[in-house]
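As a starting point, one isolated chain is supplied in structure tokens, in the form predicted alone.
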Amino acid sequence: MAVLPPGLTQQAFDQAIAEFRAAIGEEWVFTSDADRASYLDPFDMGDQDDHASAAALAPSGVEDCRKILEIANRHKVPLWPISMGKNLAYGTAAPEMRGSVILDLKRMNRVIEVNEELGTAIVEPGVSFFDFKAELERRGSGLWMSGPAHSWGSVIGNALEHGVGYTPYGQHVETICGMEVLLADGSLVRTGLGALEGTKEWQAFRWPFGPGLDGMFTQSNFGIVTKMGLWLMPEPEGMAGVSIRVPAREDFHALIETLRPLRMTDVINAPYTIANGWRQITGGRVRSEVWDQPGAISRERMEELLAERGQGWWSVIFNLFDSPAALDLRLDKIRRAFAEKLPGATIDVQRWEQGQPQESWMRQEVSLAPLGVVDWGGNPGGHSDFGPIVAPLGDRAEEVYSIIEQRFLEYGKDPWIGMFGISSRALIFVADMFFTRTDAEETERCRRLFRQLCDDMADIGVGLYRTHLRFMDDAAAMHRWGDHALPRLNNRIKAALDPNGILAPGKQGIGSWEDGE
């Protein structure tokens, strides 16, 4: 069934499509039902058609993008730029506004530069983590990239969406240093020191003369990032993989208070993950094999399953990076801290040194393994994440965790909750909602649960780090301070840079959210 951009007649849209074909080549303009269906979100928590596209365009480079922008501005065709569209659980390639035209940048897939001396790289949007890993290996590079849980997507796209990994460089947005950005009017801008002709320092320093603008183009619709500079980690001398089992639900406060000082003093020098009991019982099974009653899996049944596996109520996993001798010192401090505050915890360690083969526990190998859990609740399965940002203080983390767990149970969903200690001063909660995509009642219940949690978190001053496109307006509305001053400022910037509103309308609630509606 044909889908049109809002406000356009079929005749007007046909004219725009004809001009797109003339501009970039007929073979790179996709209008068939099958082509458009390939950009739908397979994990949408509702009707996929709510976010259907009208067409898709695949430019080969900046000049193709400029031609597309000129036509889109003239015909008022909304564009939805994607790097590769693998932002699973958050919308993948689908647009927030139904009827938008996908601007698919996957053909722009060059690794432009890898600088071994400075530990930097420049890449285009279509470079996946698989591609990047292969290129570093082809070059015999001494640099490591930081990869996310699944590696299907774009290096640029993941960093722009504040994605995370497992090395000291795991806060990927913090590794960005210099962008080339195409604005809605076709202007091409290089941020930071890239604004100097002939510069050798573009990827060397984030804070040049004047405002630092890289962050402005993350999680926004202010421009199209066509190139990005990244910092990479030199291969470490050694690693230690640490796995900690903490026995009781009541240990959570002490666990947070133990981890925070270790992370703040850089004893733990990479992100850590925490998984609750429900999150640990899924490996190798589906839900129907362990629970056949209505509602969420009970705490009692979950604890039985944990006991069968010899697991604690909480699981903590992280890697340490240092020389072998320094790793000994780090591990000694960690063991002493847990012995003092959580003597019932069990700590297991695996070691690696340069020259040895890499193993799966190191989380350096690119992988799609985490996608295996999607059908946990039913087939065809789907999931989305509720991801609040929380200070790693025992009382605060306990407050947020208790609200989320209780709401999940109230709505009959398993509280599949984890946390990511991404920095020394922040925890990102990841509360996954699994659902059967064909079950209308269940998906509607999940939508209500998500919006209930948005209200709950806003009431205590907690916001989200990212969200599925279906809930972008809800997440923007949580920023209530100053009569929603921040969302209003975002709208003002959007109006100045993109007066026709053609770039990713509705992304992050920018341009579509107004007065809390």
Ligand SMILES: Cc1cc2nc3c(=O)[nH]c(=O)nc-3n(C[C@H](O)[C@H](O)[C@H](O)COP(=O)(O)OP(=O)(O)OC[C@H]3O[C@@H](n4cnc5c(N)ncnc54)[C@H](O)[C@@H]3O)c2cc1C
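Please read all numbers here as calculations on a predicted model, not as lab measurements. One-based numbering along the sequence shown.
Not on display, but discussed next: the form predicted together with this ligand.
*Asks:* Could you tell me which one of 85, 377, 388, 392 places a heavy atom within 4.5 Å of this ligand in the predicted bound form?
*Replies:* Flagged contact: 85.
*Asks:* Considering non-hydrogen atoms and a 4.5 Å limit, which listed residue (136, 89, 111, 184) is close to this ligand in the predicted bound form?
*Replies:* None of the others qualify; the residue that does is 89.
*Asks:* Should residue 105 be classed as touching this ligand in the predicted bound form when contacts are defined as heavy atoms within 4.5 Å?
*Replies:* Although this ligand is absent here, residue 105 would touch it in the predicted bound form, with heavy atoms inside 4.5 Å.
*Asks:* Indicate whether this ligand has at least one heavy atom within 4.5 Å of a heavy atom of residue 442 in the predicted bound form.
*Replies:* Residue 442 lies outside the contact set for this ligand.
*Asks:* My question is simply whether residue 251 lines the interface with this ligand in the predicted bound form - judged by any non-hydrogen atom within 4.5 Å.
*Replies:* Flag for residue 251 set to no.
*Asks:* Can residue 405 be called a contact residue for this ligand in the predicted bound form at 4.5 Å between heavy atoms?
*Replies:* Judged by the heavy-atom cut-off of 4.5 Å, residue 405 is well away from this ligand in the predicted bound form.
*Asks:* Could you tell me which stretch in 113 to 121, 141 to 149, 354 to 362, 237 to 245 has residues with non-hydrogen atoms within 4.5 Å of this ligand in the predicted bound form?
*Replies:* Careful reading of the contacts points to 141 to 149.
*Asks:* At a 4.5 angstroms cut-off on non-hydrogen atoms, which residues of 218 to 239 are near this ligand in the predicted bound form? List them in order.
*Replies:* Sequence-ordered list: 223, 224, 225.
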